[in-house]
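One chain is shown next in structure tokens, namely the form predicted on its own.
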């Protein structure tokens, strides 16, 4: 009998558990360590923040699902991983031993690295449903007393898509309320250019996103380094290509949502040979840590070097489709090790993304995610919005049934068609 443990129950951790079950032998046991028993669908957070979704609509109680699937769910969270002892110290002082560990914690949100950043400071966030709910309350305040808006992603951020999504979703909702003319909007990003996305662009994301911003009268600052945030004011340094400060901006705002930089969670951060200096887990081509060969990692917690040096630090995103490829490869490799074989499965690390703008959107496909690429495509249109809505419904339905991954692959490659989009649009 082997004890297989998944640390984390977000997107990557939950899918990891689903994918691991068919790989286990009869007497093996699977345990999932999570911070609580409720999963929420992070891609829907921008909709929660403007009132298009209630948090209850995007949350799933994992306790019953995991019980039905025969998975032990430990909801006290992890305090520290001890890879030399094959043990995880849990949040309540107990511990769990493992034969194989898959780290799927997601990131820690580094709001503290910039004074005044985050929900405990003066800006909003959509990284967690709690933050999105707080952002909704702040949006209601903005709607009752309109003023300037600053949206974006700070230095070191690696997840830019949601910042663009929220920018345009917010703009759409302001137009619907006939408040847009009273709300100047500016996008502040550490990217070297609009549409970089941490990927050096995909297709013509630069042209598509710049065009959308010009059409909607949204200004932008790139190569931006946020120095600090005060009540109603953000201090931003705009850097030149050589890293020198080109201009310092003092941006007034009545509402601001800024995505933070990520780092590894405290349970793994600072463990020699397991994580890099930022706390992300180091893995080889099989998603396995080279030093601790019974430890794997999937999702946002994985260390991936940036595409290239930029004036302001920019990370690489881990999109849902890419995460699923990590999950599938890891499940196959753990199954191989359980049977005395060596890992052979490698993830594809391709990127397929649907970025909703409320009434339109941008889709892109990068194969592989890091350039140069075999496929480098992007497109804009109303269909992206309806496809994103359709995928949300599809994903949550599958998750509530406890069905297996890969959801992104099945939907985007097999089920994304005109009939599906019309079905969502008409409600039939």
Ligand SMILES: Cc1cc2nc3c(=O)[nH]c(=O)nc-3n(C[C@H](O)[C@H](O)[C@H](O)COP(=O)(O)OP(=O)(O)OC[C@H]3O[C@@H](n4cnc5c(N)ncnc54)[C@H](O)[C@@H]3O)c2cc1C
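Numbering follows the first chain given and starts at 1. Everything numeric here is computed off the predicted structure, so don't read it as measured data.
There is another form of this protein, the form predicted in complex with the ligand, and it is not shown here; the text below is about that form.
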Item to check | Distance check, residue 358 to the ligand in the predicted bound form, heavy atom within 4.5 Å | outcome: no
Next on the checklist: Would you classify residue 167 as touching the ligand in the predicted bound form, given a 4.5 Å non-hydrogen atom cut-off?
Outcome noted: no
Next on the checklist: Taking the ligand as it sits in the predicted bound form, is residue 300 in contact with it (heavy atom to heavy atom, 4.5 Å or less)?
Outcome noted: yes
Checklist entry - Even though the ligand is not shown here, does residue 159 get within 4.5 Å of it in the predicted bound form, heavy atoms only? => result yes
Item to check | Interface segment, criterion being heavy atoms within 4.5 Å of the ligand in the predicted bound form, picked from 30-38, 378-386, 49-57, 64-72 | outcome: 30-38
Checklist entry - Of these, 201, 152, 315, 106, which has a heavy atom no more than 4.5 Å from the ligand in the predicted bound form? => result 106
Next on the checklist: So the ligand isn't shown here. In the predicted bound form, which residue out of 126, 274, 224, 174 has a non-hydrogen atom within 4.5 Å of it?
Outcome noted: 126
Checklist entry - Within 349-371, which residues have a heavy atom closer than or equal to 4.5 Å from the ligand in the predicted bound form? => result 353, 354
